[in-house]
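This document opens with one chain alone, in structure tokens, the form predicted on its own.
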Amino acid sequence: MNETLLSISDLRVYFHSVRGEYKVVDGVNLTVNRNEILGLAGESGCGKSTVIEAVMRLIRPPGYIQAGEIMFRPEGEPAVDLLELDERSLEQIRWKYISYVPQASMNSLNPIMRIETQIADVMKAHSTLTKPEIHERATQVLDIVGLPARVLDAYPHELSGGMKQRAIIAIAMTLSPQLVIADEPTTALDVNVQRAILEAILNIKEETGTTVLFVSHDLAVHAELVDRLAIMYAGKIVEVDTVYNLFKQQTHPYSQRLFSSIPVLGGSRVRQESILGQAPDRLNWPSGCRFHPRCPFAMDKCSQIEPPLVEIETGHHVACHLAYDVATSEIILPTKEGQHEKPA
């Protein structure tokens, strides 16, 4: 059994507005196992970035964490609820145990500071390393992400977009954290640079044993990188399984439509499927299953009862009445055509 490093339970993140409360994240349950790369996918606006900002305790007004528990279990240390820590205690966790690669991170570098100075700032603030040790470590982390040592003397404007992105990942790795959270690190990069970024992340996992929570809406990127994949819709997790199994067969109707939208090279020509309708309003979620207004297989109870996220097979969790009958606790596996099949 895989050891859990991070577990999120019933996480709810709301935002105040003059129109009411936007329930951006509304009951997320998710676990991240040690020494894995877990992907988090879903259409724009489903709450992916808000989940990881909550993990890092970066939610600022008018946003706030309404409820939930985020248990972090560092190796050799007691488990802690990140939502219960004060700011000083959080400083002991950030970067040393958990680091963060923010969205559009290549624009996060200070334009008037050399790369080595920006890497050194993290180590000065969160460690007791000497100046020679800091320089040696900075060289090591650049090597891990595939950058030469000369980059230490460069300013951000002297680097390409891909090099800046890898420099940010290097900063996240300076203190050998047990968990790296990366939010869309390949966005706005060409495919060759994307490949370099993915290889850097894989090298980090293989060489350091670091766990990675990887957020992206690009399913092709997830296919290349992650071990398990969680699908998110309307502020909730709707399906979790190994990336291999999810690409082979999806159970939740939203997952099916999401994967059907991926263009396929070769084979017979088929019309690309799309998800009809619009994402629901975060001010007023639909009753029952939040996907039922757009679901072609919706039943009467789908609009009345919210399906729980349950394990229908080992390691495979789904929140759908087609997969799990709440009344009878009878597991039913749906096909893409909406037919119901009981497992053998």
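The first residue of the shown sequence is 1; numbering continues from there. If you're wondering where the values come from, they're calculated on a predicted model, not measured in any experiment.
Here the subject shifts to the form predicted together with a small molecule, a form of this protein not shown in this document.
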- Task: Would you mind picking the one in N203, N245, Q103, S176 that has a heavy atom within 4.5 Å of the small molecule in the model of the complex?
- Result: Q103
- Message: Can you work out which of G315, P308, G45, P296 has a heavy atom no more than 4.5 Å from the small molecule in the model of the complex?
- Response: G45
- TL;DR on 315-323, 288-296, 66-74, 22-30: the one with heavy atoms within 4.5 Å of the small molecule in the model of the complex is 22-30
